[in-house]
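Okay, so here's just one chain, in structure tokens, the form predicted on its own.
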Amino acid sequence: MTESAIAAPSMSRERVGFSAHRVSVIAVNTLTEAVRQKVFILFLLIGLVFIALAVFFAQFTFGEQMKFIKDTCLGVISVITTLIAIVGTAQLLPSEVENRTIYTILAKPVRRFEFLLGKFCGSLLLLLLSMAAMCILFAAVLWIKEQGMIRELSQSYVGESPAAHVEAQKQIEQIQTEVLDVELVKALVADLAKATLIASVTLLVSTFSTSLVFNVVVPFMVYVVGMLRGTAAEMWGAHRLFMAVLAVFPDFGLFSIADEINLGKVVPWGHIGQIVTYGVARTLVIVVAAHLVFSRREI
């Protein structure tokens, strides 16, 4: 066989253009495999259980109950999505190498970038699915608590004076306002952007490591450093070398706006846009870096 004949398949593969269809197929298959993982099911069930239990907290006043439910549910969603982003993404590439399916896929006219991007998109679909499930239950908890409070108010003011009924109506409107709080949507958007960013960090680590433990521990450490980045910058901001090293780590503290919202502060949509833009920009840079590493990896 001549050298030109041997080189022909390689040259034809190099001419294969980018295909969004191939990326979508890999993403859907990744999602299908991920939802079957016991770890994902365990994390999601834990999150759903804690959110569901929030409806039973009734020993506080109305305002305290709603604040506690929101704080608990937002905190659970943030923690669970972060864990799913790290653990769910950490096992994507190692499992493909261990099962040797990566060789079959890359032997076909599938570019490495398409494979990597499909895996990452599958991880994002997993995050969206888990967050959607928790958000639906969160909304159900708020609705159940709202109906219970309105029913209690209506019963307690039966037979009272017209002025008392007016006061009851004001309290009911306040309850409805607390439940239909658009600030909660802002906190959830910020959490999704944060989870996407930590998933990209995990993807980058998994491109040069085959150890599942390493792929989980390193992104978790990056996340912890990123959460403490703002505090560290305030303490050692005068040290340029330290700040240069710190700049490598994403500032995950920017995405923590749930506490501000629970304190009654209004977070402008413009600030949310800045947070999302920062998260998307960092994510794109890290995914490109992951591609550069993965494209040079021997498989």
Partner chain sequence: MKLLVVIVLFGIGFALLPLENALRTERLQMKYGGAHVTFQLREAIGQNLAIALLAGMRGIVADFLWIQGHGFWEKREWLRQYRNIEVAVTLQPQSIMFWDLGQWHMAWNIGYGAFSDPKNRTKAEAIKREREWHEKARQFILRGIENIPNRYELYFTMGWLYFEKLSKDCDDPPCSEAFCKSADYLAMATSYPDAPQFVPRLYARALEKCGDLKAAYEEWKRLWRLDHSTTEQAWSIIEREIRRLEDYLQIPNQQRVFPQPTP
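Numbering follows the first chain given and starts at 1. Not measured: the values here are computed from a predicted model.
This protein has a second form, the form predicted together with its partner chain, left out of what is shown; the following refers to that one.
Trainee: Heavy atoms within 4.5 Å of its partner chain in the predicted complex: does P94 have any?
Mentor: Result no; P94 lies far from its partner chain in the predicted complex.
Trainee: Find out whether any non-hydrogen atom of A139 is located within 4.5 angstroms of its partner chain in the predicted complex, and reply yes or no.
Mentor: No, A139 is distant from the partner.
Trainee: Indicate whether its partner chain has at least one heavy atom within 4.5 Å of a heavy atom of R151 in the predicted complex.
Mentor: Outside the cut-off, so no.
Trainee: Counting only non-hydrogen atoms and a 4.5 angstroms cut-off, does L204 reach its partner chain in the predicted complex?
Mentor: The answer is yes: L204 has a heavy atom within 4.5 Å of its partner chain.
Trainee: Need the contact residues for 252-268: heavy atom within 4.5 Å of its partner chain in the predicted complex, sequence order, or none if there are none.
Mentor: Read in sequence order, the residues that approach its partner chain (within 4.5 Å, in the predicted complex) are G253, L254, S256, I257, D259, E260, L263, K265, V266, V267, P268.
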